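Starting off, we have a lone chain in the form predicted alone, written out as structure tokens.
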């Protein structure tokens, strides 16, 4: 009887200990800017996973200012958080963030904006959760190529080429660089000759993209634009608004220009259902947000990071795959 009692007591202690360690994990998370549709989904996923696991998370808005974010990181470290999750304003400042975390012996998980391998490898407790941007670029380009294969009339001047405009994200952001490059490469790989007739940085922003697209339409003429490739959905939606303001993409097949984006946010899916936008590429914020918190909690509690349900590549990376989305896909 005494043995049974002692075994039960030990089991209760173990359960209390596990619960205590999990519930007392504090995560300091920094987002580059709250006013970003994709990062809103990302942080909602982080919040949901934290509530599910019992970890406590505090999420700050960097307001697209690196100095503001640096001060937030300093405050988290001073307050003794167990782990950091960082979406840097400027990914090239990540080494400084890593050095701060290393000095405090705090694990750090970067999200969405990838530090260089050299930066991550400078600290054994630094990790990255995201998706491979070249994959999203490839899939966006394939959406355009597939459309032109199915609709030869989309080649308006019948020259066998695809004259396109490109709306790009933030200067220096790896997603901007790789999505731009690989979307064009995919069009080439499909047997078409892509011709970029205009491009501009629109900083992931719908309004900036709409104004830029309006300028393209005025200077180039919509009849000379055969496709629009945007690095994210917000910019794609800005292009759609500009086209609609000029009577394009409102239901007349003769006045339609295919527009593609990346993220698969709700507004983009709605635009696709209405026939205003060709397609998008799912950037799985839900899985990225959940895996970032699971990884952070495992690091803070000393758990085996390979037990969290996501593949850890090179003991540094969690990669969440992209997926093409077209009209009617759910």
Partner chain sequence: MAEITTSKSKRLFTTAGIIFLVLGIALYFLKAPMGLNRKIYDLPIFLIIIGVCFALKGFMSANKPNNELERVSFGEFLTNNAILLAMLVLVVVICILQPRFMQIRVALDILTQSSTKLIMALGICFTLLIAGTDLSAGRMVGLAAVVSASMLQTATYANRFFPDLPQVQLWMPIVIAIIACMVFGALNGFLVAKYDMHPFIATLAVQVIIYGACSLYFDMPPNNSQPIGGIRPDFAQLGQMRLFSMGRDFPGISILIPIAAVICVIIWFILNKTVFGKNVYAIGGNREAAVVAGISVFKNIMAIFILASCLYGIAGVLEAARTAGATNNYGNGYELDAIAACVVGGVSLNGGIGKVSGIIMGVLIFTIIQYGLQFINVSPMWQQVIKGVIIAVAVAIDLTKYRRK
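Since we're looking at a predicted model, the values are computed, not measured. Residue numbers count along the first chain shown, from 1.
This next part talks about the form predicted in complex with the partner chain, which is not shown.
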{"property": "Segment assignment from 139-147, 206-214, 179-187, 90-98: heavy atom within 4.5 Å of the partner chain in the predicted complex", "result": "206-214"}
{"property": "Residue contact check: residue 199 to the partner chain in the predicted complex, 4.5 Å heavy atom", "result": "yes"}
{"property": "Exercise: residue 33 in contact with the partner chain in the predicted complex, heavy atom 4.5 Å", "result": "yes"}
{"property": "Residue 117: touches the partner chain in the predicted complex, heavy atom cutoff 4.5 angstroms", "result": "no"}
{"property": "In the predicted complex, residue 37 touching the partner chain (heavy atom, 4.5 Å)", "result": "yes"}
{"property": "Position in contact with the partner chain when the complex is considered in the predicted complex, options 105, 157, 219, 121, heavy atoms within 4.5 Å", "result": "219"}
{"property": "Contacting member of 153, 75, 223, 252, with respect to the partner chain in the predicted complex [4.5 Å, heavy atom]", "result": "223"}
{"property": "Non-hydrogen atom within 4.5 angstroms of the partner chain in the predicted complex for each of 49, 58 and 61", "result": "no"}
{"property": "Partner contacts in the predicted complex for 240-274 (non-hydrogen atom within 4.5 angstroms of the partner chain)", "result": "241, 245, 246, 265, 266, 267, 270"}
